[in-house]
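Single chain ahead, written as structure tokens, the form predicted on its own.
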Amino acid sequence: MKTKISFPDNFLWGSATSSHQVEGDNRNNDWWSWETEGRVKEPSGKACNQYELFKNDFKLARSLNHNAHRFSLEWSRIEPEEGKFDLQAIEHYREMLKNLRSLGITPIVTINHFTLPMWFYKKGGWIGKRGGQEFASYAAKVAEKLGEHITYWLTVNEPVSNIYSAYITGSWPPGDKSMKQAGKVFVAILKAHCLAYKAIHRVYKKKGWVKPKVSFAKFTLVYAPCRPKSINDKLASLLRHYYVNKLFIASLMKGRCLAPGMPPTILPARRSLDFIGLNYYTRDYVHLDKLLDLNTFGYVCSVLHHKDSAKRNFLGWEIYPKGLYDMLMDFSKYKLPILITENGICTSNDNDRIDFLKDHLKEVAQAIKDGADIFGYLHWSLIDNFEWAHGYGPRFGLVDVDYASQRRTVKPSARILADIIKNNAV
């Protein structure tokens, strides 16, 4: 019988959601506009109606032994017009925070999870003339109004994957397909994060509050060469690992972005990270047929080409638990504490989710045993939700949502995770 590996005392256990994916009726942002233009499989509509049902959902989380929960603030609700803040919306999020605290659940708050207010979007978004400053002003406002209830902040969610979908594939708003624009947005979000980081810390210092912990949620995945003996494919996997997984954090640690092909940039702050937020789901195989094609960093192979690599989820993503261990050990080199801010599987077979949880948490436990400083695990997601361009097909939730009735049903996998949390071991 194998010995269970324990997690550290005071480990943060929980799950995550984001405003547009669960709240419903977020009508004043770029995604709602994108949806009404018919650019997605199906619109978000009422989503999970969590704007009204959050107390019920948080009570469910507590019943499943969660002691932490990540959610996001909807910028378009809080600042529907430039410089004009909706106090009722702010009060709503304060109620959410107070409700979590009353249940003994630590909130982890994302300031921006993909969606942008229309006023900001129409001005050019992140690359607008004052995009970074406008985001920092918003961050300062929510820190001032809500910060007394918050220790952990994430400024932005997955900037690189957002840029890829919005400016490379064009499947997300604004739908551009420009490597040049993608580079500009990359640098703009780097600067915006730094400005927001400084603004939040400044607010806490002025208020006399205990220092906050500020980071962002970093999208990561393992890249493997399609043909293991191909130098080109190995190069493609290394390039993707650096540019997709490492460059954003490396730039924030150094205070500058000097990567080949990117605009040389000195950032407004150095080492503007208090911990690392890490999202992990899968592995991609990549190939590069011509070295002259380096600007693409290679191409992702089709699911069919590597169909026998491992089991895959509803979206065709490979289930590769060891990749989480690899990412945790790799990012440990930055000597910052790590919070796993997202990790999960979309599937209609909950037995697959049970296996996913156990296998990935074993890798987390092993990474901790091998010296990685990991202080929490947040499963994506607490409830089934709107999955952007994929619509409502993918089911990531620990809790099932019947979208017609908004009825919640706890899945067996949620009970398994609850037992792991109770024992603090896997």
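Please read these numbers as outputs of a predicted model, since none were measured by experiment. We number the residues from 1 along the sequence you see.
The form predicted in complex with a small molecule is left out here; the points below concern that form.
Candidate stretches 141 to 149, 111 to 119, 242 to 250, 91 to 99 - the one whose heavy atoms come within 4.5 Å of the small molecule in the model of the complex: It is 111 to 119 that comes within 4.5 Å of the partner.
Partner contact for S171 in the model of the complex: the small molecule, 4.5 angstroms, heavy atom: Because no heavy atom of S171 falls inside 4.5 Å of the small molecule in the model of the complex, the answer is no.
Exercise: Y281 in contact with the small molecule in the model of the complex, heavy atom 4.5 Å: Within the cut-off, so yes.
Contact label in the model of the complex: Y334 to the small molecule, heavy atom within 4.5 Å: Result no; Y334 lies far from the small molecule in the model of the complex.
is_contact(Y325, the small molecule) in the model of the complex, heavy atom dist at most 4.5 Å: No, Y325 sits far enough from the small molecule in the model of the complex that none of its heavy atoms falls within 4.5 Å.
Heavy atom of each of E158, W317 and W388 within 4.5 Å of the small molecule in the model of the complex: The answer is yes: all three residues contact the partner (heavy atom, 4.5 Å cut-off).
The single option of W380, F54, W34, Y377 touching the small molecule in the model of the complex, heavy atom within 4.5 Å: Partner contact (heavy atom, 4.5 Å) among the options: W380.
Among the candidates E342, D233, E79, E134, the residue which, in the model of the complex, approaches the small molecule to within 4.5 Å (heavy atoms): Answer to the contact question: E342.
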